[in-house]
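Before any questions on how it binds or moves, here is one chain, the form predicted on its own, in structure tokens.
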């Protein structure tokens, strides 16, 4: 990591550093993103210094700290641009098919929250692949979800059966995999060794099939101990909280979290793992893919009820699939700096924060996860009305 105390004076000075940043390749990549996706793209000037302060850009300078400026995403513009219009000519499934891999006998709420949030954001179909113990419980929460009771834990499988059961689980999931636009791995997964081994095989298969994968919760425990599952996968998104992020930094960078240079460390972490996208959740969600770094700092709610990370993972899965489809169908340039996984994170972060704000305004201290989920639709409608 760069030690700024040994850098030239111009780099330590925020104003000089800002001008140097505006001329950098990283900033030019970011400017390309603005011009590629902004509805006002034609009006954007070629001068990078004026573009960086334009209110019409997706990402603008917001100095979190003098030593570590982070560009704030114009997240509402991202949401408007990538959210598909409602069209009578569309058929079931074209607005997104999401799968959640998680849910065991101890944890049934998390996979439900992620899967139902995907539907509330606007996906057409949402599946849950869970253990048999969890399946009936999750089915009872909502008839909207398609629940597959196929995962197994160690207690239900003898040593002699492990290989055949693992193969059967992968075969069953593989029959469905090509139908999904994105999968979410981790909500309510637990840490059973056999179950984690089976999910590792599912992740490898999803990668071979080029299916975007959002990793959260116990999925982060899995990949922290087996980085090869996501290493070099540009379609992988990690959404760690403060504790999960700390473990990732210690494992990958062999150091402690550096809050003074948060964006620089996050970028280094993404690069070290190989170009994956990471959303470091916190007061502001900082997002990087190793090339671009931005943040969403819209205020959400002071109420920190459990389950908000599950809402986020389901929402990000939908928006990432929408962004990927948007870029493919609109034939955007082949410049890989337009990363749909980054756009999905930006949009998902904003939507959760707005929904949490609405829920807290209504329920105050009694706000719970299901209250926030109920405001996902209104929050998206406020940003991107269905009639437009």
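Residue numbers count along the first chain shown, from 1. Remember, predicted model here, so these are calculated numbers, not experimental data.
Here the subject shifts to the form predicted together with another copy of the chain, a form of this protein not shown in this document.
> Which of these stretches, 245-253, 141-149, 264-272, 228-236, has heavy atoms within 4.5 Å of another copy of the chain in the predicted bound form?
It is 141-149 that comes within 4.5 Å of the partner.
> Since only the chain is shown here, I'm wondering whether residue 86 would be in contact with another copy of the chain in the predicted bound form (any heavy atom pair within 4.5 Å).
Yes - in the predicted bound form, heavy atoms of residue 86 and another copy of the chain come within 4.5 Å of each other.
> Within a 4.5 Å heavy atom cut-off, is residue 196 in contact with another copy of the chain in the predicted bound form?
No, residue 196 is distant from the partner.
> Is residue 121 one of the residues lying within 4.5 Å of another copy of the chain in the predicted bound form, judged by heavy atom distances?
The answer is yes: residue 121 has a heavy atom within 4.5 Å of another copy of the chain.
> Can any non-hydrogen atom of residue 211 be found within 4.5 angstroms of another copy of the chain in the predicted bound form?
Contact with another copy of the chain, no.
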